[in-house]
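Consider the single chain below, provided in structure tokens and representing the form predicted alone.
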Amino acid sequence: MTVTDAAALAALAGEHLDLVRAPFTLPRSRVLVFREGDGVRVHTAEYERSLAECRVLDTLVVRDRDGAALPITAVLPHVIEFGGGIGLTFAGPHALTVGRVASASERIETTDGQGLDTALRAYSTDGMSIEWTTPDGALTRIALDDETTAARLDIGADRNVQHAASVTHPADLAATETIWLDWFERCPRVRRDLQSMTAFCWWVLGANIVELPALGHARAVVPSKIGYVGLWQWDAYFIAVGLRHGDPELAREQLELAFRFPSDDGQLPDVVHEHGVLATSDDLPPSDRETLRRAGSAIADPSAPVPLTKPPLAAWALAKVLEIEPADDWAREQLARIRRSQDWWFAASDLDGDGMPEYGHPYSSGLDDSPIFDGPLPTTAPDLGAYLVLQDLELARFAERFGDADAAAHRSRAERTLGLLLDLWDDERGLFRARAAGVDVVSDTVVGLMPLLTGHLPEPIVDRLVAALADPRRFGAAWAVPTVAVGDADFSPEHMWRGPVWVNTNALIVAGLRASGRAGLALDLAERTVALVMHGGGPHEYFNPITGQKAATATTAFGWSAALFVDLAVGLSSPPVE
């Protein structure tokens, strides 16, 4: 049996909403509600600000007639229920309402669709109260009675709270439920054992929608409302790949935002956010600018701004999104920007002039603290070479499809780049090397597996990389694939890109194995990746490869982990379950 009803999918997602790793929120809202004792606390989500800096309410508690705090008894995407029949819900993106909510057993269903209202009128809130404290220590209490059955809290842009009695609580509850039911109508239906986590991951993608008013109220599906409130270029690609299965229009919107603000020479920015873009070190706070310039390329002018971007997977993501729903005119417009971005890598990021572009700063790789960046910059990295080959091959296919560019030129450049990439192969060690300012990097990292994506490696090299994936002293960890080989001196199971498993690198290796003719191994790694997310309790930012649990410092409810789980689950459920 499969789950097909939106309400059932919402209930499956609700099983994961613990208000600790997954806050209560609403698509397009910046308001986040977390568990705090028997009550909750409230924050806003803001770019480059921590939760601690964005406190709205330190506590919000519902009390019964005797003054005892009512515990939280259930959480669904549209409501937090407290014992005693009180529920907290949204009243649009900037307000919360708290008041009477009938449990399922209490509801009186009617044929006119007003069952919820009928049930709400049947019970008294007399003697109950709602109280909250603000960060300055102020305590506010609203007594509930048969006339004041609910309270409304409006949260301003300055995080101040205005409150009043609410007469719209039942309607707010119904409206919020409708928003989530509409979202879950789009949730992909997958294999039964994957459906619960898929529903939760689909909730994550909806929960992480942030509206950007300065950009025409564009919808950005951010990596997380906890600390990552912006559209990072790389994240947008992976998130779009998952969104395409249920909301291809929103998937296209993520790519369009990532492509909307190229520099004059074609470079795409690292981040698009509510205040502008992050494309160079000059877009950062002054203290960060100086740090970046000190750590910048040894070849680039240290007094000049350091370009900040992300790896070139734009054409790959575009091709994936168009598989679900063609949009040719829109695609042609995006391709013009992608081609200019690809040219930028060769014209502006080949910092030593050898024909192979380099990373001028770790931020541009997406693997910020990988040991391949422990040495001097720029870094010649096999993953970048692989992405550039893949992107030129995708651009050649688009040129052939639309007849609007020179496919042969893209294929010729891909062939040249592949030759340079093969120069990084170390046959003795069985890996692709990175180079730090021309000096070989000793570390054995996940970037050396990315050349599988090209689909054009010699078979003996593919065999060696496949063997590395199975080797327990390299990438065959209990929960694969670690981002640094287990036996490497730099391996650390909890330290971001220095050992933990990331869902995006796993998904890229799955794609690489498939492109390299290893479909069975690709299927196996896809199964192990979705098993990791379920074992670890959700789509976290990264996982300990020894325990399979969330790494201590990883963000929870992480966008690309959720999106790529959805993508892998759909692929593993082929033919799709209706």
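These numbers come from a predicted model, not from an experiment. In this text, residue numbers run from 1 along the sequence as written.
Below: the form predicted together with a small molecule, not depicted.
Chemist: Out of 313-321, 366-374, 208-216, 257-265, where are the residues with a heavy atom within 4.5 Å of the small molecule in the predicted complex?
Modeler: Flagged stretch: 366-374.
Chemist: From the list Pro378, Gly99, Pro500, Pro223, which entry has a heavy atom within 4.5 Å of the small molecule in the predicted complex?
Modeler: Only one option qualifies, and that one is Pro223.
Chemist: Sort through Trp425, Trp132, Trp232, Trp183 and report the residue having a heavy atom within 4.5 Å of the small molecule in the predicted complex.
Modeler: Among Trp425, Trp132, Trp232, Trp183, a heavy atom within 4.5 Å of the small molecule in the predicted complex occurs only for Trp232.
Chemist: Is there a non-hydrogen atom of Tyr228 within 4.5 angstroms of a non-hydrogen atom of the small molecule in the predicted complex?
Modeler: So Tyr228 counts as contacting the small molecule.
Chemist: In the predicted complex, does Ala74 have a heavy atom within 4.5 Å of the small molecule?
Modeler: No, no contact at 4.5 Å.
Chemist: Taking heavy atoms and a 4.5 Å cut-off, does Ala304 contact the small molecule in the predicted complex?
Modeler: No.
Chemist: Is there a heavy atom of Phe558 no more than 4.5 Å from a heavy atom of the small molecule in the predicted complex?
Modeler: Yes, Phe558 sits close enough to the small molecule in the predicted complex that at least one of its heavy atoms falls within 4.5 Å.
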